[in-house]
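For reference, the chain that follows is the form predicted alone, supplied as structure tokens.
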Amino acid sequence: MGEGGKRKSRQEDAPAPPSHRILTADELGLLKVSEVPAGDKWEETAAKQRWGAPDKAQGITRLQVHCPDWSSDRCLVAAARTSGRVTLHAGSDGGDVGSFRAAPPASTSGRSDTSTNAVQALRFTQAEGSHQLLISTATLGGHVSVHRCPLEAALATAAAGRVVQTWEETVRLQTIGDLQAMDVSSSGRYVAVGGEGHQLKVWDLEAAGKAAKASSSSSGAGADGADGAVAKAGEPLFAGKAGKPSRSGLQDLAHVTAVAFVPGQDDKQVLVGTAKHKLWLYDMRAGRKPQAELVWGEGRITTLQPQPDGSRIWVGNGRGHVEALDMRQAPAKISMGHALKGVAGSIRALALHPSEPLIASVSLDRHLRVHHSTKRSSLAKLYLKQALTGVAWLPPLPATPAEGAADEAEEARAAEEQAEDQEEEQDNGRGARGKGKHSSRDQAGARSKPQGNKKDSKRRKQ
């Protein structure tokens, strides 16, 4: 086989880039990238990369990805840790691009309790027309903070010219104790929280931040005070009440386990899931009572994932069920349906693909599952060994040159140089042979001339 045939066979053997990439997080602090081979070969889905080192003290509780251009060179990954820190990574290779502390500063007077420092919620937000990217976090102890960074600097995650960015804290306030769920409105202005013993409460972050600063300055212990105290937020903008009591007149104990703002409703509608397998839809313009209520399944609501248009909200529970809540006629009528097939284990997180009808889920049985959100069919199921806590979609990597392409180019150049050298040698050889023929002819003529003279002299004598 010639050099051209070898190069062609190498190009044919070069693997194509994966069609989909899925990022998962676990309680040991690892980030794993699972890839789907080109051609959407879902049955061959496998874990291909592992970012970080196992450390249970740095276990990941929440995972979020911000990728507005759907480009691997402009993709930011945020991982919330049990230690109270948020680490930021590049979506292409997991490189570190920054970190900040979400939990309140440790107390210097005596021992401080760090059991409430675990980050329970994490959200990316960007106000319309703003050039700042915001990350809102909430800890188990009810500490809510907002950090910001210039958008272009935060998204400069490409390997070339990558710089670790500094995130500035803009808001820090204390909301409720034993926080279980938090969400931030699309505008980044409102934060909704709930937890064990607490119904839904909504704060205006800007107003709450000003009130917190005023109270901290009046008390003489600022955010950076010696005792590390955090000023309490003022009165919430909205405080929800429980839904209807049971037939016996008993009211469920307050225990909010999931919260989500409904897209497209001017940040005024909030959906709440409870530990008593109930869904409550609040409208802050209509009163403190839920405007719609629905009992679903038998397990606690663990996660809510709205679609961008707000027509559906995907709901997962502790019994391993995933269904969609139809919001098209809300609040007059809401209904569950479109259950996914083949789901098991308590659902820990859901992630919708930004452009395709795909939904990924991770559950307590340590499996990653991918479903077609329209057909409801199961596409992939992958066991990932550790207890999973988060899932997100990553943009596909760009096509890279085939393995050995540089070697092939060098071989091609070497072959061309060798061919040129051979041609030069052939030309030189032809010239040398031509000169040899002319010299031999001259010598033969010189030898033949004396013989002719001898013959002529003999003839004259005769």
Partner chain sequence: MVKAAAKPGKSPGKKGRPNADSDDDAGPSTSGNVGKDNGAVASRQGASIGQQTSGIRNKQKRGELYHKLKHQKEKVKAKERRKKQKEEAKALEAGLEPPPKPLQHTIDNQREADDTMVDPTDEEIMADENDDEFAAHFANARPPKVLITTSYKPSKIMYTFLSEMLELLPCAEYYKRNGFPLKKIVKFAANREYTDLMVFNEDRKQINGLLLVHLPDGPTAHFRLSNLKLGADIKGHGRATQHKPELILNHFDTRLGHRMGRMFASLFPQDPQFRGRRVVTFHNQRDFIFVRHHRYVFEEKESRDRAAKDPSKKKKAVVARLQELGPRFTLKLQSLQKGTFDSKNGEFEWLPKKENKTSRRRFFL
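Just so it is clear, the structure is predicted and the values come from calculations on it, not from any experiment. Positions refer to the first chain, counted from 1.
Below, we refer to the form predicted together with its partner chain, which is not included among the displayed structures.
- For the chain shown alone, residue 345 is a contact residue for its partner chain in the predicted complex, at least one non-hydrogen atom being within 4.5 angstroms.
- Taking the partner from the other structure, its partner chain in the predicted complex has a heavy atom within 4.5 Å of a heavy atom of residue 341.
- Although the partner is absent here, residue 306 is not a contact residue: none of its heavy atoms lies within 4.5 angstroms of its partner chain in the predicted complex.
- Put simply, residue 137 is far from its partner chain in the predicted complex: not one heavy atom of it is within 4.5 Å.
- Relative to its partner chain in the predicted complex, residues 28, 300 and 364 are all within 4.5 Å by at least one heavy atom.
- With the partner omitted here, the stretch from 390-398, 66-74, 48-56, 33-41 that lies within 4.5 Å of its partner chain by heavy atoms in the predicted complex is 48-56.
- In terms of contact with its partner chain in the predicted complex, the residue from 384, 153, 286, 336 that brings a heavy atom within 4.5 Å is 384.
- None of 234, 318, 104, 263 but one reaches within 4.5 angstroms of its partner chain in the predicted complex through a heavy atom, and that residue is 318.
- Taking its partner chain as positioned in the predicted complex, the residues of 264-281 that bring a heavy atom within 4.5 Å of it are, in sequence order, 275, 276.
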